[in-house]
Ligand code: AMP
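A single chain, nothing else alongside it, follows as structure tokens in the form predicted alone.
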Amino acid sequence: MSRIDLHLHTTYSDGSLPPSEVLALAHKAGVTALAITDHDITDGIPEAIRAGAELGIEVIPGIEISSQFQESELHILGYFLDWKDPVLNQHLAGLRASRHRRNPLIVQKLNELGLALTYEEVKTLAGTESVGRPHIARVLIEKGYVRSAKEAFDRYLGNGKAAYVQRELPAPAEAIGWIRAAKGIPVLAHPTWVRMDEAGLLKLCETLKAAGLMGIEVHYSTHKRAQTAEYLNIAQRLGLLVTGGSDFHGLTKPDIAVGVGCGGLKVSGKLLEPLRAAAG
């Protein structure tokens, strides 16, 4: 049975490896098809497609867009989209601009807590227009203020922590609309992050489906068996497409590997055909 991975990040957003190296890891893991789903940017897709052509791996154009849901974030993945669509890229540019407004405020709070770093250092380390909290975490690690990205988020960067700053984000229905307008398939990412019971998540997915949601990420690196079964049940009840991926980032999530997640993830290639059919 072929293995796919539909949730991967590169240096074009907050991953630590360029697309070509992510593809090389995918090849070693036996992945036959994958999606590059960088945050708020599609610039890594051409490099990934070139590397995929050399390695015999199908590369699906993707994106991951953060949206505001209640007091936290809800992430929407997009697949088979027209990644060159000018309207989509205008929206994504706006999201990246919001990051550049937010990040200096986070750095300022860290400075006030006695941690010496600058936003210029963060941008230099990131090397991309899509700069986020994981890049700030990596600077904190390099300077010895924390030992891991998890510690950085637990102590400073996570929601409600000492250096947290709210970000300007679209509503979930708006993010879904952007993806649909670019001829893509919008999918709810890592539903375990929503922190709802099954009844609450079912109701949310019903609402999102009415707004254009087409799928749910059932298979994910940190999903427990019971959660996978719950999300599969929701997908079947609502007629949503089933997807899955590792959410590989590299250094900021060192326990997650391409194709296999934390070691036991296997997303069947059989899931790709319904997605392809829905994309037309």
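All values reported here derive from a predicted model rather than from experimental measurement. Residue positions are given as counts along the sequence shown, with the first one as 1.
Although not depicted, the form predicted together with the named molecule is the subject of the following passage.
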query = Want to guess which of 112-120, 205-213, 80-88, 132-140 is within 4.5 Å of the named molecule in the model of the complex, heavy atoms only?
reply = 132-140
ask   = Wondering, does S221 line up within 4.5 Å of the named molecule in the model of the complex on heavy atoms?
value = no
request  = May I ask you to check whether H27 falls inside a 4.5 Å heavy atom distance of the named molecule in the model of the complex?
outcome  = no
ask   = Would F153 count as touching the named molecule in the model of the complex under a 4.5 Å heavy atom rule?
value = yes
request  = Answer yes if any heavy atom of R102 is within 4.5 Å of a heavy atom of the named molecule in the model of the complex; otherwise answer no.
outcome  = yes
message = A149, R167 and W193 - do all three of these have some heavy atom no more than 4.5 Å from the named molecule in the model of the complex?
response = yes
ask   = Which residues, if any, of 234-264 lie within 4.5 Å of the named molecule in the model of the complex when only heavy atoms count?
value = H249, T252, K253
